[in-house]
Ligand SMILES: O=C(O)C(=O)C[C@H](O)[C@H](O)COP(=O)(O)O
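We begin with a single chain expressed as structure tokens, specifically the form predicted alone.
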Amino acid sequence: MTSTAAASAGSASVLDLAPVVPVVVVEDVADAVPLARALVAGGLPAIEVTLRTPAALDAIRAIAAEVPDAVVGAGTVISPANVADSVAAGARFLVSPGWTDLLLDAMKESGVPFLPGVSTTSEVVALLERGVHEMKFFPAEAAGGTAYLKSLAGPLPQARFCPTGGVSPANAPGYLALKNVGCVGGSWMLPADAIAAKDWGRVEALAREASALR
């Protein structure tokens, strides 16, 4: 993805940036920039940094400032405060594991794209009612996997999804073949031993394999 493409990504759908969105847990903020550069070099520019560690917001801030070709977002967004803090740190999209009216209102008012999490048909219908057509399907495998999403395509063709949770190189192609799936989320290109060893070349190679899944 070129710098021009990255710069214009704010107006594009998060679902269309790459076939896979890496779901990143950053323990050491010093890893954030080289990790993001490796993912971008491997063809995965959209990077979801989960708000699961004390380093997360600083990691988003560092990636936003130092990796211009990355489109960094915040994951595990579960409160209006998370929304505000993430956007202030430079997040260009938001991802939640689920949603409430309060959280949805905050995400809609944030000014950046967002993917609220769903796992039931009723949640999908409720979001469509609120004008939201792009969602995270979580936890994908536990909630019914490709069979569930395929069954939603008929009655709810206007909904598009990023399945996350249990997605792997083995089952990702099955998800990506579905017409209502824009991309998948996963962390298999970020093995713990590679991160610990700061083996960014391995991360880049795994990212390149993931980017070729579609």
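Throughout, we count residues from 1 along the sequence that is shown. These figures come from a predicted structure and were not determined experimentally.
If you look for the form predicted together with this ligand, you will not find it shown, but the lines that follow are about it.
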| property | result |
| --- | --- |
| Accessibility of shown form to this ligand in the predicted bound form, site-C-alpha superposition, 2.4 Å backbone/C-beta rule | open |
| In the predicted bound form, the residue from R52, R61, R37, K150 that sits within 4.5 Å of this ligand by heavy atoms | R52 |
| In the predicted bound form, the residue from G144, P80, G90, P97 that sits within 4.5 Å of this ligand by heavy atoms | P97 |
| 4.5 Å heavy atom contact, N180 to this ligand in the predicted bound form | no |
| Exercise: G75 in contact with this ligand in the predicted bound form, heavy atom 4.5 Å | yes |
| Any non-hydrogen atom of P45 within 4.5 angstroms of this ligand in the predicted bound form | no |
| In the predicted bound form, S187 touching this ligand (heavy atom, 4.5 Å) | yes |
| Stretch in contact in the predicted bound form with this ligand, which is absent here, among 163-171, 62-70, 150-158, 27-35 (heavy atoms within 4.5 Å) | 163-171 |
